[in-house]
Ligand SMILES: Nc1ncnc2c1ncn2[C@@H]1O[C@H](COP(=O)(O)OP(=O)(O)OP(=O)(O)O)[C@@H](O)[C@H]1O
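The chain below stands alone and is given in structure tokens; this is the form predicted on its own.
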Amino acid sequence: MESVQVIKQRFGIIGNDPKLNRSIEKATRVAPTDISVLVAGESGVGKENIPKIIHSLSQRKHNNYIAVNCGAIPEGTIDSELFGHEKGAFTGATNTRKGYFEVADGGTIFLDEVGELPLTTQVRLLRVLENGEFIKVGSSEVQKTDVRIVAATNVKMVEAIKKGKFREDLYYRLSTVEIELPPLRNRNEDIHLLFRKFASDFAQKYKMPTVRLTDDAVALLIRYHFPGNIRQLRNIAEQISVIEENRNIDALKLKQYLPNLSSSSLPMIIDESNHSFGEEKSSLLKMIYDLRTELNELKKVTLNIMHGSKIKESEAFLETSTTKTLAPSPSINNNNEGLVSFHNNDDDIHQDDDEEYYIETVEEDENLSLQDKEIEMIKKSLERNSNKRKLAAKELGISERTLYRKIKQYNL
């Protein structure tokens, strides 16, 4: 078995990333078998190299190798392309035609972008995988084929299955062995190596000196997100090689060739475009603001009550000031139940005691849990609207779905 390094040299694969090496190693190990392989990875990561490696190291290497881009063939003709058709099977079918599965008999067929296959074609492909049989379009005769299938996709298959766009049984037949190639942004050490290789190739192609990057340009290149992966890096190297007269490229010049640079290196931003999320957020902020306003109003009312009770206490004290209190006794203010003050035997009146008590009470009120207030508001609104959630939600300024969730959350 050839080593990973020899395979990379043979197929022109650049890079030393451990995940890349692991993918190539899996390809070399599975190649001698007839197991179906699914190559996964983003667009532009070089998925087409894996089926070539598998075919070249297999016992089928002397037979046909056919690569088919399933996403580029129209839905109306893809069955004919893959399985062939009989003369007169449809308008324009003037001759009998062999399909790729018939032509590749004994060899390997690479189905690129297999996630784009129509569901009807997926049924036909499943039959080939299960028993090696297919039927031409417009024919009733079953034909046999011995083909090794390697498929590739940049679609997240689990999500496609959930959406009903890809058959689950076909996915499991294709992915007997799954090989995933890492995106370029996860191969930091390989980015500059690849750029130098592309720059050297284009210098030879266009017969001009090789472009080189300064240190700050290399640092910028490594930080870039590369949504188009290796294909995008190759295009950037080609543009710079052709356009720039100065063959030393600094970061300022490189920025002109890196689209959406401002957003490429930033952390992921949570998408708040969902209207229901924005509605709930606005409603909660409004509720908090209203609670704050109510607390301030309550503070003012309580201050007025306390101020009035203080005046009354002072008047009552002046009337009875000629009599000394022999022992401490509680004085309860009828106008403000629960507010208790104690007078000492001394003639001094400690008027600050009640004020301190009030401040502590107000602080405690102000620090009451917003959740309790929220529960109280929801209960009152439901009572006022005869437990009709739609009307209560409208009164509270929130969506009915949010109200239902909060009722469930607070066990109301």
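The term rigid core refers to the maximal set of C-alpha atoms that superpose within 1.5 Å between the two forms. Everything quoted here is computed from the prediction, not taken from an experiment. Each residue number is its position in the shown sequence, starting from 1.
A second form of this protein, the form predicted in complex with this ligand, is not displayed here; the remarks below concern that form.
Proximity to this ligand in the predicted bound form, taken as heavy atoms within 4.5 Å, picks out 47 to 55 from the listed stretches 47 to 55, 60 to 68, 372 to 380, 28 to 36.
Contact annotation: of the candidates Phe166, Phe198, Phe83, Phe226, the single residue with a non-hydrogen atom within 4.5 angstroms of this ligand in the predicted bound form is Phe198. In summary, among the residues His192, Arg97, Arg231, Arg127, the only one with a non-hydrogen atom within 4.5 Å of this ligand in the predicted bound form is Arg231. Contact check for Ile13, Ser43 and Arg187: all three have a heavy atom within 4.5 Å of this ligand in the predicted bound form.
At least one heavy atom of Asn154 is located within 4.5 Å of this ligand in the predicted bound form.
Although the partner is absent here, Asp112 sits close enough that one of its heavy atoms falls within 4.5 Å of this ligand in the predicted bound form.
Using a 4.5 angstroms limit between non-hydrogen atoms, Lys19 is distant from this ligand in the predicted bound form. This ligand is not drawn, but in the predicted bound form it has a heavy atom within 4.5 Å of Lys390.
Taking the rigid core as fixed, one finds a CA shift for Arg10 smaller than 2 Å between this form and the one not shown. When two forms of a protein are overlaid on their rigid core, residues whose CA moves 2 Å or more are considered shifted, and Lys394 is one of them between this form and the one not shown.
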